[in-house]
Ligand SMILES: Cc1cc2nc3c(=O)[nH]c(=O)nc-3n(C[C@H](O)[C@H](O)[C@H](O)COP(=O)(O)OP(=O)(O)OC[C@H]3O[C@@H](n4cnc5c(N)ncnc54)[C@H](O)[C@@H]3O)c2cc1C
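Before any questions on binding or motion, here is one chain by itself as structure tokens, the form predicted alone.
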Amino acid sequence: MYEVIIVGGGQAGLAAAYYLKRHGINFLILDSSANVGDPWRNRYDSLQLFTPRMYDQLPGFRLEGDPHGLPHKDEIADYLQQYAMHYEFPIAHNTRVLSLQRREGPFKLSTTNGEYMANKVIVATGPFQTPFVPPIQEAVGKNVKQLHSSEYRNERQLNEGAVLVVGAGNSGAQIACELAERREVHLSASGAIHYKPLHLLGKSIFWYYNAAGLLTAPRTSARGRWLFRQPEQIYGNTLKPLIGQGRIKLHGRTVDIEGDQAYFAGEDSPVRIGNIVWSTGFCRDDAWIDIKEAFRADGALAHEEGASAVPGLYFVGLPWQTSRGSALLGWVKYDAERIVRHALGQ
């Protein structure tokens, strides 16, 4: 029996664990991965963060290296593992939660490694759970290699032939730029692409965001409402010139695929492809929370800034839980501390 169980051992769960340990609370982290940091290690090989190291740290533990430099994803994975080891957090690895129930008394968590009981539960499973791929994937020919961006590691996974990257967010943009070095690359965007520089007047763009309080501005504030309405930004100056040079061919929304022929909105002729990388995002999977009161009528989680409608149930790391920084590595600590204080009645 634990006072608190944290579901998820990523940055949100580790930040919550830090504050629980400071208060001397009996807690346990349940994590489906074999090692802390594996979700970062398993992303594409070339992934580099946009935020400098000074903004990629969890509370109480420094990320080594140039504070103004941009870390590689494996560096972040190692940092998270070192963080958990440094604070000696109790973690049950390879333990996926199958259901969370509460009939009377404490919460019961049924997992792949047995049952656990806790008075309170903090869900810190993160925004990247179930890869989303649109239904048109079913019309793709068997000879076309399909990978979601969460499965893509490097070019060696692909077949010969052109690559279509569907989705022009930051992951899709980075993957397209990487592949354009040696491949014919087509990038499908559902709308206009908006660019932001990584640096401005010698400082990271995130220095300005942080100084202006944009990443911690409450969603209900004027700044928060303005920021919430902004489209996704593509950071850096790599994609735009490659499109301008024709090394990446930009298309509109992918409307259909027949075999190895891809069709785009506003274009009459299809493009022949040998590979598709679906950079189409993720969906949350909260079906394992077997508590009706935890959900609104529309199926969304019922919570107020991370405090569930179910007493004793909390969330950390939800996108826009309180602000733009809620799900970001360097800013999740603010929600984590607040949620822990709430859980402890402070």
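A quick note: this is a predicted structure, and the numbers were derived from the prediction, not measured. Start at 1 with the first residue shown and count on from there.
This protein has a second form, the form predicted together with this ligand, left out of what is shown; the following refers to that one.
At a distance threshold of 4.5 angstroms between non-hydrogen atoms, residue 125 is in contact with this ligand in the predicted complex. At least one heavy atom of residue 95 is located within 4.5 Å of this ligand in the predicted complex. Using a 4.5 angstroms threshold between heavy atoms, residue 307 stays clear of this ligand in the predicted complex.
This ligand in the predicted complex is approached by residue 328, whose closest heavy atom lies within 4.5 angstroms of it.
Of the candidate stretches 45 to 53, 307 to 315, 59 to 67, 292 to 300, only 45 to 53 contains residues with a heavy atom within 4.5 Å of this ligand in the predicted complex. Site annotation in the predicted complex: the residue of 254, 275, 171, 204 reaching within 4.5 Å of this ligand with a heavy atom is 171.
No residues of 196 to 232 lie near this ligand in the predicted complex, the criterion being any heavy atom within 4.5 Å.
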